[in-house]
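In the structure tokens that follow, the same protein chain appears in two forms, which are kept apart as structure 1 and structure 2.
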Structure 1
């Protein structure tokens, strides 16, 4: 350790955390390495055990280390990251709708976000019929109690157990029931995704509205996504509107905040000269 400097504006625990992060990112502390004990880090950094503990907690929140009960803290192997470019992603999905099935089978949205191939991924889908509660009825612009098709998806890399993303999708049941295949979860993953499913009903999307939030994960989400204490999830509420102005789907994507990037690019108009 080079020591923590009192003249640095950053809190001392954060200085230590960032020094350790640099060693992890450079490979000096390789995946699977047992981290130095709190006592060792306190001695080499000149910090209190409390500050050292806060530094290790920060590393956990960054997803760089994991604590094993009774064994110590270890450097994590790099986790698969998701880089979601929503401004181009949705048009990419729409353009694929008109391709033939062979082309649509080659790749999907998760592959687009991760750089993985279809063979690298494991898909899970669960379909249930539910009644719209007040919140979802307002989002879909239907009456409370309207039957909905609720779809829960998650996708994992074959090299990691935790899902990369978790998604809850809601569509008016009577709308999708016009094509019985859309009620069958065994048809997933559907070549071309939701936009192609809607296309089989004669629906073309006009726009998709996103609302992004950060929040603590629920206990179930933390367990399923393998999220360490202190790590938030990012949620994207996606509202799909067809060319008649009708809301046809509302979906909530839930993503681990320590390994997800949401990228937005906005073209600006030039000044008139």
Structure 2
């Protein structure tokens, strides 16, 4: 891209935003740099103030710049990106369950998604016992009020504080209580993860369904994930069904939209020839 072309089919503000993104990505505009003012950008690009403002808003939504009250807009340090390939991930997690512990200890699902190693990651888990509200009872196919184990996880890169993902997992409490180790948050991160934890209860998964949605972050989420309230979040509700057809876990993941992508691959059957 060289300059804002009239022949380009994209809106002009987006062409400008993409030029600025290229400069940030190449390091020409380094982290910590004060961005040029709206007036300067309007002068150099020949675009209206409105288009320039929309371009800056776009950069904020991409998580590339941050507006600081009364001080201007700064280039942000690049954030750890996550590309989560759930199509392969779930079978990969299942295959790892039967490995010995030394193997399972080596790597977990987040490392799989980010290319980071165990030593690069900080991991936090918090367990509580709650009663199922109507919505979660329906999702888990239990009666409202049924005791649940609620597990909150967040994992971050050692090089930046905000988590890469927030995850809220729910399992029927009585199901899990058969193995008291599974009620103890200090055992986390559990080598082999949830599928291995379920295996200790004699449970094998048959199917995992993801329901993906997009929404703005709640005020708490924006703070926890350290994102601009103008950045969207991707949410995945993951429902795990065992080989007897029973729902054994429902987990909600919340991921910052400025640096997460979910990849789902579909291999198609050949036409008979």
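Numbering follows the first chain given and starts at 1. What we label the rigid core is the largest C-alpha set whose atoms superpose within 1.5 Å from one form to the other. What you see is a predicted model; the values in this text were computed from it and never measured.
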Please state whether structure 1 or structure 2 is the form predicted in complex with another copy of the chain. 2
Is the shift of residue 71 between the two structures large enough to count as movement, that is, does its C-alpha move by 2 Å or more after the core is superposed? yes
Once the core is aligned, please say if the CA of residue 260 is shifted by at least 2 angstroms between the two structures. no
Once you lay the two forms on top of each other by their rigid core, how far has the C-alpha of residue 16 moved between the two structures, in Å? 2.4
